[in-house]
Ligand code: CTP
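One chain comes next, on its own, written as structure tokens: the form predicted alone.
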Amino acid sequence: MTLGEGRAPLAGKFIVLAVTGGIASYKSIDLARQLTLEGAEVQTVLTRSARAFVQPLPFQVLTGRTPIEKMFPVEGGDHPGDMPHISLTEKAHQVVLAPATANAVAKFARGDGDDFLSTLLLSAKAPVIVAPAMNPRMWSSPAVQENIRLLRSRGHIVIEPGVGRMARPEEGEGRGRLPENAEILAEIHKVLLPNPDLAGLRLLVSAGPTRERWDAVRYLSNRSSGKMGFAIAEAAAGRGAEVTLVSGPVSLSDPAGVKVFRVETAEEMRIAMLDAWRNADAAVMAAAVADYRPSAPLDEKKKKESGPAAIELERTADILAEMSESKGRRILVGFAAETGQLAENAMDKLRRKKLDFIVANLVSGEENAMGADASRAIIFDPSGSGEELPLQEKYLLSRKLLDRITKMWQKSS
């Protein structure tokens, strides 16, 4: 299956995921899951130190392969009569070291070969992707930085660690946090998918809620998490698109390779979206923009009083409708979050705003899509036909939407 044909961009790729010992090791479980969801065949390698933080079983369940932990295969094991540190790198399309501790980086740079991982890295035919994770003071030490420079000089890909809260609180902020899985995936895509199907497309995406101020401390908002819009932006960047993401207040990290603008109110989102729309080829409006805002927000905190309190509301601007006015031949996609009459309401919105297609899902009941990691959806096009998508993670759902955009863009181009 090629990247433009469906849901498995890494189908046919064999990836070795090596995990070393650190508090960030648990994140590698989800990385293995995401690689598998993208169609890759994944073989994990666990060092003895990694076993202090994670167990083999989650990796085995997610990948269908028993993690390798020892230099020499156990009789009757998964790799009999084999020297896996050689045979794995013979067929591996990519070796990924995540997390990479200071010790693993040092051994790799020196060329040590005293355990399974170090011999595996020495026999790797292609550049290794290294995702460091360590204490910020360790990362900034001259010894570690010299090892990093050495690895890069040999052609290996070392992802810069992130800045953020670490297991041990530090004074101030420093680098050392394991790069986000989305960033690691983006690097894997760059290596293994050199001709992505969305290269050249300028895509604009909105995500998250907006907040409309009522008084000095309160606001009106909704439960949107931004996960759908962020998933679309991440997936599109991985497929080569030039992505601009305009997001309301969310707790998600910026996707790798994406230009991100953070806004708060509907009016701020309107200004940012219309400005970015002028240079975009396509847009996906996944944000849950407030339809109303307090008409006279207070500068001070509203004190509790006896009797009911009333807030006078006024309509916010319809961002999608304004974008539609200057749509031309560009691609414009909307979302319809409904509590009932899903098809009727979605088709009405699609026609009024001249959308190329609309993604409709329910935000009530047991399968409430808002704020969830997974969603069931129906994609409607102007003809009225609907494609029902089963309950699936938004990460996968985003790829289905991008498949449609890819076909439309390639056809128009």
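Position 1 is the first residue in the sequence shown; the rest follow in order. This is a predicted model, so every value here is computed, not measured.
Same protein, other form: the form predicted together with this ligand, not shown, and the subject of what follows.
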Interface residue in the predicted complex among Glu160, Asp275, Glu264, Asp318, criterion: non-hydrogen atom within 4.5 angstroms of this ligand: Asp318
Listed residue that, although this ligand is not shown, lies within 4.5 Å of it in the predicted complex (heavy atoms), from Asp215, Glu268, Asp112, Asp291: Asp291
is_contact(Ile129, this ligand) in the predicted complex, heavy atom dist at most 4.5 Å: no
Phe335, heavy atom within 4.5 angstroms of this ligand in the predicted complex: yes
Leu198 within 4.5 Å of this ligand in the predicted complex, heavy atoms: no
Contact test in the predicted complex: Lys349 vs this ligand, heavy atoms, 4.5 Å: yes
Interface segment, criterion being heavy atoms within 4.5 Å of this ligand in the predicted complex, picked from 256 to 264, 119 to 127, 327 to 335, 101 to 109: 327 to 335
